[in-house]
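Take a look at this one chain, the form predicted on its own, written out in structure tokens.
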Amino acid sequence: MNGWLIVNSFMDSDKFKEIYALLLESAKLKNISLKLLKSQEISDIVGSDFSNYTLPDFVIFWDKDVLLAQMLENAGVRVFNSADAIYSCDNKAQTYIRLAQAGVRIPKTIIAPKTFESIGYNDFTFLKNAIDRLGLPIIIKESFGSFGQQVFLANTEDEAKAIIERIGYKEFVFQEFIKTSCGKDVRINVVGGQVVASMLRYNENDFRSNIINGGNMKPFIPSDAQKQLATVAAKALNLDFAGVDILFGPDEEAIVCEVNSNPHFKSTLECTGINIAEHIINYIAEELK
């Protein structure tokens, strides 16, 4: 069996290379030939069948170029995760629409009205309406972003307006602030519909728990409700593997914060000793038997 590990052509930091190395090594241990390719190495004419390439048995798509993933699927290649699943996670507004449709509990969410680069927001009535519905403080989250770097907390209407003006014309959502989960959440890794590893992330100095923002981590045994919520969320988004972030609602009620189609699992390995790459490779091998 042979596969491609497709990665972004322009993201070259060590934290991504570590993930690629774990996947390549896990495939090698399973006697699976896995070749790392940058996305620009396999571009082709729209509508082509990729006949200029010897196509693999499968692709692990560790990028967010959903159009390339879709083209590979159209050529008959099994892609993990699928183009649709990656799109559902990459666009957070789409994530919340699909989760809500599946009955998955999420924070109360309002999608900001669309504007354009040449116009921007010249009427902030929608902000007042969002605050009336969700209260203050309020979360403002860009629809596209990673590692919590495009997530903001506004304590006042003026702060919220300033954040929106910085965002510009980019799409974003408003969410209620889950006070009981300030600075903490649970990352639950799901592979093939099964929970394989979990950790608690916490930060005493930031409302975001992300490790890259100074958060800490420790092993965590999730409740049955948290595990069920994580697996249902992954299924609702058609994910083969995912990192599901669960908030602590009032009375410890589980709430899905975000779902990641390309979870950065090096921190999970360091925290729990569990190598998610091995689970991903084993799952793919079973799926393609």
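Just count from 1 along the sequence shown to find any residue number. On a predicted model such as this, the values are computed, not experimentally measured, just so you know.
In what follows, reference is made to the form predicted in complex with a small molecule, a form of this protein that is not presented.
Trainee: Based on heavy atom distances of 4.5 Å or less, which listed stretch (224 to 232, 55 to 63, 241 to 249, 29 to 37) is in contact with the small molecule in the model of the complex?
Mentor: Stretch 241 to 249 is the one.
Trainee: Is residue 87 a contact residue for the small molecule in the model of the complex, using a 4.5 Å heavy atom cut-off?
Mentor: No.
Trainee: Taking heavy atoms and a 4.5 Å cut-off, does residue 210 contact the small molecule in the model of the complex?
Mentor: Contact check for residue 210: yes, within 4.5 Å of the small molecule in the model of the complex.
Trainee: Taking heavy atoms only, is residue 176 within 4.5 angstroms of the small molecule in the model of the complex?
Mentor: The answer is yes: residue 176 has a heavy atom within 4.5 Å of the small molecule.
Trainee: Report whether the minimum heavy atom distance between residue 215 and the small molecule in the model of the complex is within 4.5 Å.
Mentor: Close contact is absent here: in the model of the complex, residue 215 is far from the small molecule, nothing within 4.5 Å, heavy atoms only.
Trainee: Only one of 167, 77, 127, 151 gets a heavy atom within 4.5 Å of the small molecule in the model of the complex. Which one?
Mentor: After the contact test, the surviving option is 151.
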